[in-house]
Ligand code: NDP
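Quick heads-up: it's one chain on its own, the form predicted alone, in structure tokens.
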Amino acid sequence: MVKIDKSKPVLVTGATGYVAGWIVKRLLEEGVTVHAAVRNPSDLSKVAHLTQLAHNKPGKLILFEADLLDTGSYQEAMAGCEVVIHTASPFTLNIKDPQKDLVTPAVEGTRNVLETANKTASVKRVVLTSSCAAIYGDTADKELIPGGVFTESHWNTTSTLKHQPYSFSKTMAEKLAWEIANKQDRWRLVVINPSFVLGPGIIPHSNSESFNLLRQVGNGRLKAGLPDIGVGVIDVRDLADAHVRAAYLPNANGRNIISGQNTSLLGITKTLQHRYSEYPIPSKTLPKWLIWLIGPLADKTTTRKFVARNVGYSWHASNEKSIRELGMSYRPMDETVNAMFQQLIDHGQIPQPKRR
């Protein structure tokens, strides 16, 4: 049993990120001193929202400069910390070089942080933000497993540098993390495997793919319909709670699927149709043959192999371990999606609908 002292600081890497912002907020509310690692602490456009979070909170925020690919750059930020929460990893579909833009930062960044943990005597626990993308590559992969339900025992075996490179990067990074963790016995690795993250941001101007999807849902780009793709959904606030639980619960261990809902892209948008009926919310799925034909022309990341192995498949994963061992409870999906959509409207990220 590992007992973590809340009076000791906690390092959060990638602190300016969508998920990390909520983790920082939760820790500050718990009275924890947060060592927030960012690329440039002097860039107020990137860190002002973090410093504002610390106002009137019992915890304290200290910014540190660090970079995923700068070996040893996390050493100062990690000093004195018993818990390290490593969230920093690129999540983008707009890439030119998968190795350079995704795999190298994810893998070598993980190596950099965990090797620094090996050299930092105070560290007792590392919480790694992985992904359900490290559990499966395509929704068709469910046909390879008994019952068709993804669990923590499953690993993505189908993604490569050329097919689903983001998923490949998350898989390689998590495998490396376990390799490093298993060679030592001073600190424990606890891995968080979230599904598709939605919900309001600490700031609503994120370039996260989650925000990009909701913007396109609201601005009419997707009004013709959506591909029939099954996904899991997790509220970003619940995900932050899972990280804090993974950091402090004595028996937190292993991989943990964090997902509140088994649904689909259309299932996500259906939660908006009643409250936001005046917006061009997509209400139907497009036929698979049409996606196969025009998808690669509209978006180079939508390859025909992706269409073949993902469109028309439902998605189902078990969150039982997170409920049983981390004590998780999950918000309803309509609360998550509606709050995110309204935030984007309030901040001008989605245009007002034209009057009919």
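Remember, it's a predicted structure, so these values are computed and weren't measured experimentally. The first residue of the sequence shown is number 1, and the count goes up from there.
Omitted here: the form predicted together with this ligand. The next part is about that form.
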| query | finding |
| --- | --- |
| Heavy atom contact within 4.5 Å of this ligand in the model of the complex, the stretch among 177-185, 192-200, 247-255, 145-153 | 192-200 |
| Non-hydrogen atom within 4.5 Å of this ligand in the model of the complex for each of G14, D67 and Y166 | yes |
| Heavy atom of R39 within 4.5 Å of this ligand in the model of the complex | yes |
| This ligand contact at P90 in the model of the complex, heavy atom, 4.5 Å | yes |
| 4.5 Å heavy atom contact, S206 to this ligand in the model of the complex | yes |
| Contact of V19 with this ligand in the model of the complex (heavy atom, 4.5 Å) | yes |
| Single option in S210, T116, S159, S122 placed near this ligand in the model of the complex, where near means a heavy atom within 4.5 Å | S210 |
| Position in contact with this ligand when the complex is considered in the model of the complex, options K300, K46, R304, K60, heavy atoms within 4.5 Å | K46 |
| Partner contacts in the model of the complex for 170-190 (non-hydrogen atom within 4.5 angstroms of this ligand) | K170 |
